[in-house]
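Single chain ahead, by itself, as structure tokens, in the form predicted alone.
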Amino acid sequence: MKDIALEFIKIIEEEGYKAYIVGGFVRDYLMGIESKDIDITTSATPKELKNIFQDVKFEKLNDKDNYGSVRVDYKNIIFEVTTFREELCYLDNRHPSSIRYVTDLTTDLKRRDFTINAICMDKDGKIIDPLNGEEDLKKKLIKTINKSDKSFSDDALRILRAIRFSATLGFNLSNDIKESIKKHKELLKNISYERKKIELDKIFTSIKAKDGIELIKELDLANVLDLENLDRIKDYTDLIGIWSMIDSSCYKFTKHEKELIKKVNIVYNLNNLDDLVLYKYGLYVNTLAGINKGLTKREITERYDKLAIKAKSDIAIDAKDICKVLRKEPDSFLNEIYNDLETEILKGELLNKKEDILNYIERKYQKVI
């Protein structure tokens, strides 16, 4: 991927413009981490890029002004390409009201968030680092390029990005950043829940999710982010498990995610080693709830594996057998019988054998139905 990226910027330079790989790809490359997201910064404007490449899609700052960014599909790789620019007058603690194209790389880099994300690579693979991001990379330190107060007031989402990079990379936040986050935390209220969730999901799925959550607590961000019950979290390995413990209604989830979260919250108040609970809600949901209550995945799994049945289809008879022994046509009574069989088999009162089950049904339901 690096070779194709270098080939890509060489094409831009052959047209008389400057171009560099910048940001996360370069940072990860220096850390020996594989990365697929490639950002390019260039002196070429979007219109000029349109003349160079065929598949170019424009991005807008608003309905009238171009944001100075395009997406280019080159050899089946999507490159995010941004023209050297300054961002002027942030009005909503997130987006600049306008931009101004510049010709200087360093000026462009100074508008970015953290020094470790402002390292560049030129067409020859040489590292260009005017803001000393590589030094902070070696120190495993996250520092803002500009003064932290200005950086976070310009774009409050950088508060969560700082925590995200700390959690995903295992880096420390500078003391200046920590103090500034505490000072400007209320600005996070101006950021959409959708955008905040994207960053929170990345924190919660990072290798150091626990450290990221502890940072949220340490920096007193839980309330402003509407994250409740953070202390309930014991399992930091599953995204749905974490959101289930937080149980926040402010953030949007898919229908499937909502159902899982609802179930986890139900079984959190039940016995996750109870056979009926395990059967009804399944191993995954009970594991998420159980681990956060101090149970181990092993003991929950071992109990689940010992269930006499794990689904209705495991019962040793089918609907035809039931109807035959009762001499009845299929009807709603089948649901009642199946529910009864599930309970009796799971409780160990009835063996999951066809003959035993048929005898049980004949004894109990022959005169009732």
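These numbers were taken from a predicted model, which means no experiment stands behind them. So that there is no doubt, residue numbering starts at 1 and follows the sequence shown.
The next section is about a form of this same protein that is not shown, the form predicted in complex with a small molecule.
Among heavy atoms of Asn117, some come within 4.5 Å of the small molecule in the predicted bound form. Interface membership of Trp243, defined by any non-hydrogen atom within 4.5 Å of the small molecule in the predicted bound form, is ruled out.
When contacts are judged by a 4.5 Å heavy atom cut-off, Arg27 counts as touching the small molecule in the predicted bound form. Contact check for Glu336: every heavy atom lies farther than 4.5 Å from the small molecule in the predicted bound form. A heavy atom within 4.5 Å of the small molecule in the predicted bound form is found for exactly one of Asp340, Glu302, Glu48, Asp37: Asp37.
Exactly one listed residue, out of Asp155, Asp275, Asp122, Asp211, brings a non-hydrogen atom to within 4.5 Å of the small molecule in the predicted bound form: Asp155.
Proximity to the small molecule in the predicted bound form, taken as heavy atoms within 4.5 Å, picks out 107 to 115 from the listed stretches 122 to 130, 294 to 302, 107 to 115, 253 to 261.
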